[in-house]
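First, one chain by itself in structure tokens, the form predicted alone.
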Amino acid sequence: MVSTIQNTDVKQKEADRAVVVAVTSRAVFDCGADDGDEVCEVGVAFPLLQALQRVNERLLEENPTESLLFDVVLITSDSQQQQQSSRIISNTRHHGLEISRFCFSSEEDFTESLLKNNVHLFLTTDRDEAAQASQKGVFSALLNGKVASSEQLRVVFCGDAVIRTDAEPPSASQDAAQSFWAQLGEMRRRFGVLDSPLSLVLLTSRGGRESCGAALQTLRSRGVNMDEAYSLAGAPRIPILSLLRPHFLLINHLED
């Protein structure tokens, strides 16, 4: 059973142009026990939502009729948080977050809420949830647990997955990934080189400059241009990720 509440405080986006991003509510708010305090602690996804909102604001500053905007859906499948649905909704208002829709479902049915809302990217801190969504053809990514900027949306592409995807027959999830990449690339082209609220970074873990160059070429052929590119040539990626502080890492295989 899936229940969806539309947020009447927010102007709804154009369904055929909006980039629908679904985020689990427990990654946004830590409401804890219902102790009478209406204000919840913010979670790891809170800066992400602020950064998505910042991109939308800048897009509308550039063009007030812009329709290529992020459309954020909050997904709640945790039974305890479902009991606090009004508290979650009031906290989005309290913090000024532009959430278009609130979806409540059982843990078994949460992927149905993603499909019903035509989600382009599902973000969670739960690897099992991400894997379940990917199996249903919904492009999914794990949120970075490190504190990221709320002023600029920083997205890291795994170049190894880009090259591998280009060499394999695409699955439904890989088709969804490439579609989302193209949407991000189109958004990035709306801004100049400097002072962009959206930064796209390429990171290749394996191979050398040739692998990095091949991934760049593949992405450019799909209309996605990178702001930065790094070739690790087998070195661990945790140190560079701690410096880049992305909101999430785009890969096609969650075991990477």
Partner chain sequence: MSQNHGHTLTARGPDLTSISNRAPWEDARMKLKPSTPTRKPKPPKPENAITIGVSARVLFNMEKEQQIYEQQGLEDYIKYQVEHETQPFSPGPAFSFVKALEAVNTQLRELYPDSEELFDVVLMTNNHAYVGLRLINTINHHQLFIERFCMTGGNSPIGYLKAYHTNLYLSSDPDKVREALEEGIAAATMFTQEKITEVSDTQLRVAFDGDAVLFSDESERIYKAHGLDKFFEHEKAHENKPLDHGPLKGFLEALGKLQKKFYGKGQRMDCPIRTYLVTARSAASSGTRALKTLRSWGLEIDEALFLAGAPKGPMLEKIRPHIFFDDQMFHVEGAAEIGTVACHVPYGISQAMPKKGINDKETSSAPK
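What you are looking at is a predicted structure, and each value in this text was computed from that prediction instead of being measured. Positions refer to the first chain, counted from 1.
Omitted from view is the form predicted together with its partner chain, to which the following refers.
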- Query: Among 215-223, 61-69, 48-56, 22-30, which stretch has residues whose heavy atoms lie within 4.5 Å of its partner chain in the predicted bound form?
  - Reply: 215-223
- Query: If you check in the predicted bound form, is G207 within 4.5 Å of its partner chain, heavy atoms only?
  - Reply: yes
- Query: Can H95 be called a contact residue for its partner chain in the predicted bound form at 4.5 Å between heavy atoms?
  - Reply: no
- Message: Residue-level contact is defined here as any heavy atom of the residue lying within 4.5 Å of its partner chain in the predicted bound form; does A235 satisfy this criterion?
- Response: yes
- Is H120 close to its partner chain in the predicted bound form, meaning a heavy atom pair under 4.5 Å apart or at it? no
- in the predicted bound form, does each residue in the set L115, D128 and N144 place a non-hydrogen atom within 4.5 angstroms of its partner chain? no
- Sequence-ordered residues of 220-246 touching its partner chain in the predicted bound form, heavy atom within 4.5 Å: R220, N225, M226, D227, E228, A229, Y230, S231, L232, A233, G234, A235, P236, P239, I240, L243, L244
